[in-house]
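First, one chain by itself: the form predicted on its own, in structure tokens.
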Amino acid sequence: MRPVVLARMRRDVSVVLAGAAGQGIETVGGMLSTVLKDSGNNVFTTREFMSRIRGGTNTLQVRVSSHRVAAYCLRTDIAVPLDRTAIPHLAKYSRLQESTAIVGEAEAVPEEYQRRDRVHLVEFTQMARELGSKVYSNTIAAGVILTLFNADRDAGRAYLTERFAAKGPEVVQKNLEAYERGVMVGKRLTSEGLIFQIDREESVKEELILSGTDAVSLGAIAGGCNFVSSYPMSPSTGVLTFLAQRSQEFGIVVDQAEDEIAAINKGIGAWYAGARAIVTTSGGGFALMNEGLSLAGMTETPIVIHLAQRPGPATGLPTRTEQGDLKHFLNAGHGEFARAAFAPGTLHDAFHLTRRAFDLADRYQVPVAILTDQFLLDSSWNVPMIDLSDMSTEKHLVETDDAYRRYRLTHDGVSPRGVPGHGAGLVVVDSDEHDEDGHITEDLRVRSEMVRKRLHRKMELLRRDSLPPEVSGAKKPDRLIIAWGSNYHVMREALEISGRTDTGLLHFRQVYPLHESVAGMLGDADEVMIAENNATSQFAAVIHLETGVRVPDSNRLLKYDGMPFSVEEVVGFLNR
């Protein structure tokens, strides 16, 4: 085989592992990202997987970079196929290029690819069997890849020692031997020219690797969450699992409900009793929560809903990504009542917006949604430590007295919220129309007053308290491209690569209600564009409704095949 020098110095390298579920992709990916970060490299990991326990073809992309990255890209510098479906799968979706180096076993590399220059055959399984079991092949593979980046060898050994400590010293020792075998193979490949040198930052070693799921869950804890109810549904389940695993430490009551109808009603009941609750679900589950959502609106009970978007309708593509539930949330429930929705674009957003959702729900006694998606939740990257210096939470409960009226009409529309047993007053709540005392009424004058209170006045407050979009890119742009939620990083990176000095990015982390400044921002641009992961440009419709500004059809980049935008796709759109 002719040795090929792929790169002496790169700013960013994309490694893609592909194979069937159950082959250990996550194991290898976890070791790569941790050890590379501990070596001073910036890392970003994202996953593409099928909705099945075993089989199919899954991929895991690890971007190793000298600068922060958090976006999916089509470019593959190193492909590691774990079975024969891997290479055809990557080729089918344009994720293999002529420059891609393939490192894998002969049986995993189709013959037509084995004739290429950039193929490096390594018999992982045979080497693992020599150590006693083929299960060590993943550790060998990790050792090979880490050596191509000259990763800290001791960091690799420390990772394995901690990772397998619970399985006993013999398992630890075998994995260390497997790792060293991988290192030896890696050194051979580097001597053949397959080596990547990435600038490192010492400070990265002290940073955290978090996923979107981690960030939302930690934000909930910081927001004072002490009750979670949910019926498991991908990709939202990770938040339920995270909170359940830490329930003892943080005093969180966890209820895996019998269905989503019960889940949201239990969450409402928890807030009614004075707890701070979150329900976590996805599109199909949220559909079942609609009546509960209306109950929260009518009773003015706070509720925080984590709505993890995936392609629908119905079961759709349950393990893929989409931004298809924005209008679903905004239009959900019968009747009219106030609500707010956040859409995190970064891990810090996911943490702080989730925390803010609890305070906002409590402050105005309304439903607040955190709209994430599979891409954000199942991706992870390194970030600086989250500032926890101000972790105080707002408390808006009042101690009731004999004159307490749950729905007292106030100037701003927010009634004092008491809970049963906290004070001498009686807390009466009714899903029927009610008077200030909470008793059922059909007095039409009272009805009108209550609608103005729980809808109009609260929407005014929510809008006044809304977050403005973030502006980046060109300082005085002629063009503005709009993005929301998880498309933040891919837009930032694509804009930088495109070299467009006439284009700015307007990223929305609060998607409803919109900040009052939005209409002016859009009105100042000569051209407005938008990129969304749905088929009908749902956020463009919201902007049109809220501001009167319409994004032309020809200026909409829409993707709805279940995959996130790649950097290359967005660059092409910007430079079309």
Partner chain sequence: MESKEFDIMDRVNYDIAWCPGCGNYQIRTVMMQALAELGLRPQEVVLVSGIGQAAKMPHYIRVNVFNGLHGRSLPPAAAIKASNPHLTVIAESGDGCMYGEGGNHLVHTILRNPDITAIVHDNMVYGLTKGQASPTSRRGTPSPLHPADRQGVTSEPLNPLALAISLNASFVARAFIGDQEQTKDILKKAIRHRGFALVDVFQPCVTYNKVNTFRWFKDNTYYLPDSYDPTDRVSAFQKAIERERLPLGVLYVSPDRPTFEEESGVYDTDRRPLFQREVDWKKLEALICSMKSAT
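Residue numbers count along the first chain shown, from 1. Just so you know, these numbers come straight off a predicted model, no measurement behind them.
Note that the form predicted in complex with its partner chain isn't included here; everything after this is about it.
Just one listed stretch, out of 305 to 313, 395 to 403, 337 to 345, 443 to 451, contacts its partner chain in the predicted complex at the 4.5 Å heavy atom level, and that stretch is 395 to 403.
A heavy atom within 4.5 Å of its partner chain in the predicted complex is found for one listed residue only; from Gly333, Gly238, Gly504, Gly438, this is Gly438. Interface residue among Glu258, Asp412, Glu496, Asp117, judged by heavy atoms within 4.5 Å of its partner chain in the predicted complex: Glu258. Contact annotation for Ser33: at least one heavy atom lies within 4.5 Å of its partner chain in the predicted complex. Proximity of Pro318 to its partner chain in the predicted complex: non-hydrogen atoms within 4.5 Å are absent; the residue sits far from the partner.
Though the partner is left out of this view, Tyr272 does reach within 4.5 Å of its partner chain in the predicted complex, counting heavy atoms only. Mapping the unseen interface onto this chain, Phe286 falls outside it, with no heavy atom inside 4.5 Å of its partner chain in the predicted complex. In the predicted complex, Gly292, Leu295 are the residues of 292 to 321 with at least one heavy atom within 4.5 Å of its partner chain, listed from first to last.
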